[in-house]
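Quick heads-up: it's one chain on its own, the form predicted on its own, in structure tokens.
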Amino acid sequence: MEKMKQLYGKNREVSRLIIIIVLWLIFMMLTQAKKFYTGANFLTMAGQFPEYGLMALGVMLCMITGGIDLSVVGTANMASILAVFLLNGVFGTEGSMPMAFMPMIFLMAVALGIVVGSLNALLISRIKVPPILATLGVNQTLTGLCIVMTGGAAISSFPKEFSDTFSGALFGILPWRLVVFLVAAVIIWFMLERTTYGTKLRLYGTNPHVAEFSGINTNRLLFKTYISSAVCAALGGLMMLATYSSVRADYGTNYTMQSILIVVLGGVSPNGGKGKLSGVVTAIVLLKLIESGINRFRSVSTYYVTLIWGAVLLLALVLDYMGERPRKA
């Protein structure tokens, strides 16, 4: 019992989320067991959350610094649209893409992430634009570019080998989109917990001036952080392409709010300096379980899901604020 208390104290946010997950699973067992507890349903969930889960990983890094990245959806849509343009430009709309070309699509997404992340970091670190305004402006710019490039319409004519591959599963069990998410999560975990980057990131989020006076190159730290976030968002865009098998400028408009909700629920403080990957991943699992469970009830409209997420986000922010007050006092 004493060990359990110590474990709860060290991982309070994760422990709370796990308790909620268990309660939700019990509720679904009592109400919608036949529809919810199926292998197909869990495989579907595992294949759907990586697109916004990847965005949440990037938002987490930015929020630990005390900032935020609101350009993730614009970056994701730009990555998916550029991927389609690249495929059509090389192979034509009716052509076939060889598997050897697959790395080129990912390299394109990483390059886009570097450009967008550098622009965000430049505005924030050099020009001193507040992160919320800088990334919001970049998001609107990217969305506008996406509308111009697509004419505001969906594009579904392109070689489908990429979408078909990442709509499948490794060994028929593990969705390829989940594999991409897990690889990105492991890399970010290593950055946060096994390198000095994580220590610098949390120190900067706690007090930027102290971090600067301690000899940390804060500009380089912000560039690394916002580039990492944009790369995650671009990879999320490729997973969106695999999900929808088409691209459009306004896909995933609710993912920004979902990403912020996930990060806050996962125990990352909006004020910066605090946050762990384990909490964010647990929050992703919780939200997907709740969303999938709600969809099992025919009497509950899917339009209520966004309302629920908004209410939960407000509640999470209030609870975080209430939890921070005693520490500040």
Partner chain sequence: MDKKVKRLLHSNEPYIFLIILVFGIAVQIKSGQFFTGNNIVDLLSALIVPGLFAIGEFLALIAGGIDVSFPALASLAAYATTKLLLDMDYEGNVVAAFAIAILIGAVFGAVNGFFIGYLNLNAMIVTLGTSSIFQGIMQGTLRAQQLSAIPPGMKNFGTTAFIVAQNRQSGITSVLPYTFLILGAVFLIIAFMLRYTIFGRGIYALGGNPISAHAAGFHVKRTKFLMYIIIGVIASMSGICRVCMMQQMHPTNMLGMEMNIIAGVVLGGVALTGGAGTMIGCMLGTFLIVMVQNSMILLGIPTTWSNVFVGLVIVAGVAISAYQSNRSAKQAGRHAKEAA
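Numbering follows the first chain given and starts at 1. Just so we're clear, the structure is a prediction, and the values are computed from it rather than from any experiment. Rigid core (definition): largest C-alpha set, two forms, superposition within 1.5 Å.
Beyond what is shown, the protein has a form predicted together with the partner chain; the following relates to that form.
- A residue is said to contact a partner when one of its heavy atoms sits within 4.5 Å of a partner heavy atom; I18 fails this definition for the partner chain in the predicted bound form, lying far away.
- The partner chain in the predicted bound form is not approached by G89, whose heavy atoms all lie more than 4.5 angstroms from it.
- Within 4.5 Å of any heavy atom of the partner chain in the predicted bound form lies no heavy atom of I284.
- Although the partner is absent from this view, L170 stays clear of the partner chain in the predicted bound form, with no non-hydrogen atom inside 4.5 angstroms.
- Listed residues M99, V183, V148, L107 were compared with the partner chain in the predicted bound form; V148 is the one with a heavy atom within 4.5 Å.
- Though the partner chain is absent from this view, in the predicted bound form it lies within 4.5 Å of a heavy atom of just one residue from N41, N295, Q48, N271, which is N271.
- Of the candidate stretches 48-56, 62-70, 29-37, 286-294, only 62-70 contains residues with a heavy atom within 4.5 Å of the partner chain in the predicted bound form.
- In a rigid-core overlay of the protein, A311 has its C-alpha displaced by at least 2 Å between this form and the one not shown.
- Compared with the form shown, the T135-L313 C-alpha separation increases in the predicted bound form, the change being 3 Å or greater.
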